[in-house]
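Here you get one chain, nothing else, as structure tokens; it is the form predicted on its own.
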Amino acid sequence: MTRPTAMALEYFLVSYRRTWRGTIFSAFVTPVLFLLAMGKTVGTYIDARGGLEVAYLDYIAPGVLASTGLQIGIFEGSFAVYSAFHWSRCYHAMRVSPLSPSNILGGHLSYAMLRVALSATGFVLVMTAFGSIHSATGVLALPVAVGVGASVTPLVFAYSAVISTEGLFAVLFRFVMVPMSLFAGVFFPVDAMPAPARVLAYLSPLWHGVELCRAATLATSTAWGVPVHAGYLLLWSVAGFLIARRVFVRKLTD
């Protein structure tokens, strides 16, 4: 990270000093409530039918971890970025300084990834307390969750930079984030879906993250092999960053 990018990151870290307590609290409480409600309560009925080779809690926990990385990344790249362009206009204030659009983007993206990492860390600790990590490789689920966040956050940055009204975030949340979270293998096997739906799941970076997280915590193999899944997440991350950088340069260059 270059010094100018680190300076941009510092701005967001200073702002985070005012809100970190609430986010740390939710990073632990949300996974506890979710794993109790879905893993323990609903899982009791699913386990009684014997439809999975592992307990339902152990099945969904790594999937929800990957989904958490996705959702935090999307939230961090939505209203905060739109505000920086239209409401607080802090991007424009940074642009008056020696910071370039790439520095601004890199600093804010780094902060967003830090937020993803903090939430994922809380989730992994809760999973450990629930006994849903069954291998020493389970710690690798943490960087995978961050990788899922990195695969979508730059594209959300670009989307937030070009939309004309915050009302368009409803399109992003309802038609991208929610369907992706529901139909990417988080709660039930993708193989149970019709062929067209399976294709959409395979195209989603979340499914690849779910496969990697589940393989890490359960010490199992992945559907297509670790290099393919990891490479797919990296491809999304790099392509998203290049698109976001082009948009930021256009928006912040007179």
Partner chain sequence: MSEGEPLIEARRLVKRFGDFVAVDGIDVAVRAGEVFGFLGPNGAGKSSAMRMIGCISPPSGGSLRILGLDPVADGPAIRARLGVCPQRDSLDDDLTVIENLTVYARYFGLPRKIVRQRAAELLEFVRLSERALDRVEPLSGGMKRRLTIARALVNEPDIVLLDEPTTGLDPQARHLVWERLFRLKQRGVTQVITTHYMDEAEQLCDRLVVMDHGRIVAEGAPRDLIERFSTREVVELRFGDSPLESVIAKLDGVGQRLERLPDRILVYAEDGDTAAAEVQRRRLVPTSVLVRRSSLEDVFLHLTGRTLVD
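Keep in mind it's a predicted model, so treat the numbers as computed, not measured. Numbering follows the first chain given and starts at 1.
Keep in mind that the form predicted in complex with the partner chain is not shown, yet the notes after this line are about it.
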Notebook entry, point to check: Between the options T137, T128, S110, S88, which residue brings a heavy atom to within 4.5 Å of the partner chain in the predicted bound form?
Noted result: S88
Next item on the list: Spell out, yes or no, whether the shortest heavy atom distance between L99 and the partner chain in the predicted bound form is within 4.5 Å.
Entry: yes
Notebook entry, point to check: Quick one: is M7 in contact with the partner chain in the predicted bound form, heavy atoms, 4.5 Å cut-off?
Noted result: yes
Next item on the list: Give a yes/no on whether Y11 approaches the partner chain to within 4.5 Å in the predicted bound form, heavy atoms considered.
Entry: yes
Next item on the list: Answer yes if any heavy atom of L114 is within 4.5 Å of a heavy atom of the partner chain in the predicted bound form; otherwise answer no.
Entry: no
Note to self: Counting any heavy atom within 4.5 Å as contact, can you tell me which stretch out of 150-158, 99-107, 129-137, 116-124 lines the partner chain in the predicted bound form?
What the structure shows: 99-107
Checklist line | Those residues of 17-38 which, in the predicted bound form, come within 4.5 Å of the partner chain by heavy atom | finding: R17, R18
